[in-house]
Ligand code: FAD
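Encoded as structure tokens, the following chain is the form predicted on its own, with no partner shown.
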Amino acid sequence: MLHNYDPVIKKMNYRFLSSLLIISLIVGVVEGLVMLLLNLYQQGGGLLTELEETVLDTFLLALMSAPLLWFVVLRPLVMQISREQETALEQSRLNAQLRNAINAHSLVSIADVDGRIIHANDKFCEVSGYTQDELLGKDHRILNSGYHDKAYIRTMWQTITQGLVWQGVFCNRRKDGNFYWVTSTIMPLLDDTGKPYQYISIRQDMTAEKETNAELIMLKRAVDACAEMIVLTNNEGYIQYANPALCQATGWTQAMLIGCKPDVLDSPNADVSAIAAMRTALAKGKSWAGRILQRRKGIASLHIAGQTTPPDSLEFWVELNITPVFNRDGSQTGYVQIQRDIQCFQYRLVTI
């Protein structure tokens, strides 16, 4: 037994019943008026046979009720149906445009309750490498890459068979054997009892994004392992990253450096003219290379009045190279700073 009716069906039923009630009311009132007129006619001396009375009653009833039925019931009903047809037509056009947009952008498939594919759009076929004939009637195991464990697949099935929407990432295998990654949303279509009878899947190909992320992870590992000291800043010059080599050499942690400007590493005794030249070059969007006196994190030597202050053992010279980093559109996004401890480098040369 159905407990919830479609709102459109409920509205149609209400309209039908209300129209039927109004028609019955109009016909009843007009029929009563016609009978009253016929009685007045006969009381005034007019004579009618039974057949004549029936014909005249029918004629007058049709003549008097037809305009009322048209203006009160039929005309508003026709206008409302016409408006709804226009709305339905517009909604149909909108749905068609929406389907076209989804099909152009997403991989769409529909599966029956057993998971067999009953529809696959062109984008799905293009990315997977299979034709529709090769996909229809098969389940999605045809795309299984073996990347995900059974628990992951089981969780997905438990979710959608309960009538819930599942969202996640899948690594699938193309027909040619290559892997591709998709973000997937699987929505169950429910029958009147609330049980799934079909599943619609909408996916976005994220293979390029996944590969880019993998390349970035590999690049970061390489920079982390680099023996050179590396700093990345944003376009305003604030540190966004400092590799372990720099942190180990200077005594600063990455957490301390992020959000600071690189001059926090400079010694108070650094050459002012060299720093000015560096800033001038960077302001023009050019690279700069030179030597800068820097200082490791720590407490400065104590100055005693009347005595010569000993050299600051925390100061060290670096060979510094700073290069602006640009986006593809030519806009500047930040700077990469690579520096080498000259004293350590010279010491290694002497040792070798």
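Heads up, when I say rigid core I mean the largest set of C-alphas that superpose within 1.5 Å between the two forms. The structure displayed is predicted, hence computed values, not measured ones. Residues carry their position along the shown sequence, with the first being 1.
Omitted from view is the form predicted in complex with ligand FAD, to which the following refers.
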Just give me the single entry in M278, L246, A111, L257 that has a non-hydrogen atom within 4.5 angstroms of ligand FAD in the predicted bound form.
A111
Pick from S201, S128, T233, T250: which residue has any heavy atom within 4.5 angstroms of ligand FAD in the predicted bound form?
S201
Using a 4.5 Å heavy atom cut-off, indicate which stretch of 96-104, 238-246, 143-151, 212-220 touches ligand FAD in the predicted bound form.
143-151
Would you check, heavy atoms only and a 4.5 Å threshold, whether F170 touches ligand FAD in the predicted bound form?
yes
When the contact criterion is heavy atoms within 4.5 Å, does I160 count as touching ligand FAD in the predicted bound form?
yes
Evaluate V264 for contact with ligand FAD in the predicted bound form, applying a 4.5 angstroms cut-off between non-hydrogen atoms, and reply yes or no.
no
Quick check on A120: any heavy atom within 4.5 Å of ligand FAD in the predicted bound form?
no
Whether D139, M156 and I186 all lie within 4.5 angstroms of ligand FAD in the predicted bound form by heavy atom
yes
Considering only 253-276, what residues come within 4.5 Å of ligand FAD in the predicted bound form, judged by heavy atoms?
none
Does superposing the core leave P196 with a CA shift of 2 Å or more between this form and the one not shown?
yes
Threshold 2 Å Cα movement between this form and the one not shown for M187, core superposed
yes
